[in-house]
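The chain below stands alone and is given in structure tokens; this is the form predicted on its own.
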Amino acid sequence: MAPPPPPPAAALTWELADGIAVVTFDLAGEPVNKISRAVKQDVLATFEALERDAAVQAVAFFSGKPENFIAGADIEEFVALTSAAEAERLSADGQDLLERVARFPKPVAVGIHGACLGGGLEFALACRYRVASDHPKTQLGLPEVQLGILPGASGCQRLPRLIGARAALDIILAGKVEPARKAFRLGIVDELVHPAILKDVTLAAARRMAGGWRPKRKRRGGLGGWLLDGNPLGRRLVFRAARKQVLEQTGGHYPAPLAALDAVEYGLKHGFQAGLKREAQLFGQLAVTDVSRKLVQIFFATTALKKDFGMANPAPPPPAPVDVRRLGVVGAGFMGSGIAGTAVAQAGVDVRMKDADLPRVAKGLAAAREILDDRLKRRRITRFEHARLVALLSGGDGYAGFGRAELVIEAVFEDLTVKQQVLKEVEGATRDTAVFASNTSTIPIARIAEAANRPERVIGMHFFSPVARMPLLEVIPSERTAPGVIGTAVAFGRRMGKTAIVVKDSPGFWINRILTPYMNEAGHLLSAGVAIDDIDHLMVGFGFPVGPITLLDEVGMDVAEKVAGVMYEAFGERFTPSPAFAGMVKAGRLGRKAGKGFYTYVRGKKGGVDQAVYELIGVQPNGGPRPAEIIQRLVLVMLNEAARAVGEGVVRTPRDGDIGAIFGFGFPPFRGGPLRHADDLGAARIAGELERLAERYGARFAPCEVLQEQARANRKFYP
């Protein structure tokens, strides 16, 4: 008996094959499958039809999207929620839907290929059997805490019961997304297969279950797992340790991980149904918090950026963007090797490195390979993939091999003359169509391009250190850079796993422009007698991942001094370098890389404050200003410069500025970025406080015209 035809634009369709209903989820007009209210009704209607049809003995469920299973819930519907009660109802409705799937009288096997996230994984967990493809695009996870909420459709209840509390908390509390291989090892999926046989294996599992076979799952973790997951005392230790870790990592600024921990613990203690009710209540409370709203705004901003190539129109005049398959990297130092290793690991391109002598090239190749070694160690790639990727790395002390490169990235010393010389050499060794990108952090691209024969093919690609971990890329076109070259740089940056923002060709670009006053002010506070660790602790308390002094040690004082000099030359008095930092480079206190800076370092591990630094500064800690003023001075000087830079068009939109600050140096995401935070405080309040600070400490605090105009007109950066 054939199933009735689906209603128009139905997300779910099915056909019968030897007693197995093959259900396909393919949301029309959308690049990915997501769960909305309409989809929920479609799922209910489909499962009701499957239950009524006596010919259906089991169900095999697949996605109709080529690279996506289910990406999660429809975030647009989530944003429209206006009350905690409304959000709680949404969560409860999702739980009811998946309970219907879990209690379905006919066994359901699901074949997973591509992203299986959030509500998608919760749906899969409600099915009886899960088969996943071993393709790199098949990723499973519950990333809800990254939106300031928790898995609210039974994820906090089903996952711990499937793989144990410890493994489940590791995924839920960090919002982790795991590759299919890891999910298989954890027991989230039952079989791991090649994509070519995913459908066949899933259908076979459905047929076995239709014949009465029930999958048996082993408890993972052995005796140790039982001791911690299998009894109340062990679980109490697990939850206590998890709560301590969450507070250490979030500083208490993010309520979602703690609420998720509560939902898991409550459900395991009081039972599945009580756990569902608690999960829905907590979801409702979290959904309307300011933190969640800010994190959702960041999600939408980063999603929009993925479609934005920084060009004025979608079809730029020639030269068009090119697909980079071969990359040249000039400079095999810390940044060059990081760029090379990340390009191979993420984009899978051929990389040829060049430096002045072979020992430096060898050292750079080894450092680049360490990125691949780390991926192998963490089981992100197999031994065979590792061997294939390592073979893509090569290098030499000349430009042999650069002739076929579509893109060459220069990562040499931050000196205009040196960079111009490299540009001339690269132009002589590459095709006329090759793009030359400078990894400069401060020098205007137009100045570098003065030495170019093909200035329209010169651009800036400013990576952040360490390249393998830092997610931001600043793409800097000069006025003469061709639109297609911008598209090439942005597209390749994304292939390297970076969030790319296009910024104006101005000294310091965006990140160093707003970060330099912040760092300088930390120096002024040191000169006023504030202790090094007090400054850092206060800013970590504000929400930064590290304080400004620790950040200086991480960046390197030699780099920071170079940046400060360029910025002072460009902008004058308000960027006057703090005298507190003057002796650090001369004393060899460059930071972590030198083994000594403001803090001590033993075998690369950070220790306490090195008290000898205070002698270099010339001031011993005496308390200095009160904590509230320390935070105010550091934050407001940054917000003031950010507003000024926006007024000059350094970033194209406030969105780009906020995403840049969050991903570039860790501006607290729960505050939404410096420009959203400025909107929250209000221009009138900021301008008034800056005026008071300027009276006490000088013109560097004078409010910029942008803030003054906003205060007069009662306007904001965001509508």
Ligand code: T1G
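Remember, it's a predicted structure, so these values are computed and weren't measured experimentally. Just count from 1 along the sequence shown to find any residue number.
As for the form predicted together with the named molecule, it is not shown, yet the points below apply to it.
With the partner absent here, would N68, A153 and F300 each sit within 4.5 Å of the named molecule in the predicted bound form, counting heavy atoms only? Heavy-atom distance to the named molecule in the predicted bound form: all three under 4.5 Å.
Counting any non-hydrogen atom inside 4.5 Å, which residue from G336, G111, G328, G118 sits next to the named molecule in the predicted bound form? Of G336, G111, G328, G118, the residue with a heavy atom within 4.5 Å of the named molecule in the predicted bound form is G118.
Answer option from A362, I631, I75, A582, heavy atom within 4.5 Å of the named molecule in the predicted bound form: None of the other options qualify; the answer is I75.
Of 45-53, 646-654, 25-33, 666-674, which is the one stretch near the named molecule in the predicted bound form, taking non-hydrogen atoms within 4.5 angstroms as near? Every other range fails; the passing one is 25-33.
Please tell me whether any heavy atom belonging to E474 falls inside 4.5 Å of a heavy atom of the named molecule, as the geometry stands in the predicted bound form. Close contact is absent here: in the predicted bound form, E474 is far from the named molecule, nothing within 4.5 Å, heavy atoms only.
Could you confirm whether V412 comes within 4.5 Å of the named molecule in the predicted bound form, counting heavy atoms only? Judged by the heavy-atom cut-off of 4.5 Å, V412 is well away from the named molecule in the predicted bound form.
Contact label in the predicted bound form: A482 to the named molecule, heavy atom within 4.5 Å: Outside the cut-off, so no.
Is K306 close to the named molecule in the predicted bound form, meaning a heavy atom pair under 4.5 Å apart or at it? So K306 counts as contacting the named molecule.
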